[in-house]
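Only one chain is included here, represented as structure tokens and corresponding to the form predicted alone.
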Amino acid sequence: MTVSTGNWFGLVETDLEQMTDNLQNLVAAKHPVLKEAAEYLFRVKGKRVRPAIVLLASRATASKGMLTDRHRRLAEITEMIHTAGLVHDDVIDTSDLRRGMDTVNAHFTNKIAVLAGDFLFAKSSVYLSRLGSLEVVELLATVLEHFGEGEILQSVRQFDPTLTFEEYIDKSFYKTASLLANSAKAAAVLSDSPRDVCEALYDYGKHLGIAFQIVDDILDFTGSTAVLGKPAGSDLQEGHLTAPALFALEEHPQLAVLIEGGFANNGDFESALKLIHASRGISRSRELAQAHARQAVQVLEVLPQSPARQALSDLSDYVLDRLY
């Protein structure tokens, strides 16, 4: 199964290219090192899924599907916030690689990385305030609050096999889905959409974001270092329990002993990986991701038919296709 990204990407490809060019100007800093760090961040290009969702949600709700300058700026703000969060994540996790390239903390220093992340958060807040919508400001400010809650939840439950699925989904929402949910809703707010449309786009972003995170968590066990840009199994090795491990714990309780011990003995980590792969943890996680992706598509029914709505629906296929 291979789903072309063109179904959704083509509609906003030009918009995303313009956004990438604009970001270089928006984050221009006076200090040479900070400027270099910011520019380095935006040279590490991914699919830009988050701003693409903002642009597609904007086109799906705006009058005649026409983007306004405020919609475009919201997409840029969303990418700034996402990038800043990744920089801080890499510092916290002491990661050296992301998407096959050195992280900012590896390329520069932890201090510069933290400052670069803070700088991007501050810049995004300035541009956010200029959008002229208190509701949109509150929505995106909530994302920043959730980033902090997600990191704290993750750090206090390291190597803790008693982590519940509810807590895992909460963490996934805080760290990944909140930005998608709140920025998609913000796009509808800027389009002056009815309340039910705004809430539907929030739910779309929430479920798609959770599906996206579950897929990432599956790939941590099934992907290669070349594909992931980081060592396979690194989340588990750092004590972060995700869906495959939580499902595996239900079948193999002895896995809890290895996790609680922090894989201190030689072979413990490898034994844990074998137990997870011997369980239905990965297949059940795949089913969970599929369920959230279906929910994301279902809530789009409130929107009128349009190429943008279809592209949002196609994005759910793209998220799941990453597993194959």
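Note that the structure is a prediction, hence the values are computed from the model and not measured. Numbers follow the displayed sequence, beginning with 1.
Unshown form predicted in complex with another copy of the chain; subsequent notes refer to it.
Figure note: of the listed segments 160-168, 175-183, 83-91, 195-203, the one touching another copy of the chain in the predicted complex, with heavy atoms no more than 4.5 Å away, is 83-91.
For the three marked residues, D216, L300 and L303, no heavy atom of any sits within 4.5 Å of another copy of the chain in the predicted complex. Taking the partner from the other structure, another copy of the chain in the predicted complex has no heavy atom within 4.5 Å of any heavy atom of E251.
With a 4.5 Å cutoff on heavy atoms, T222 does not count as touching another copy of the chain in the predicted complex; it lies far away. In the predicted complex, at least one heavy atom of L144 sits within 4.5 Å of another copy of the chain. Proximity of E138 to another copy of the chain in the predicted complex: non-hydrogen atoms within 4.5 Å are present. Along 250-272, a non-hydrogen atom within 4.5 Å of another copy of the chain in the predicted complex is carried by no residue at all.
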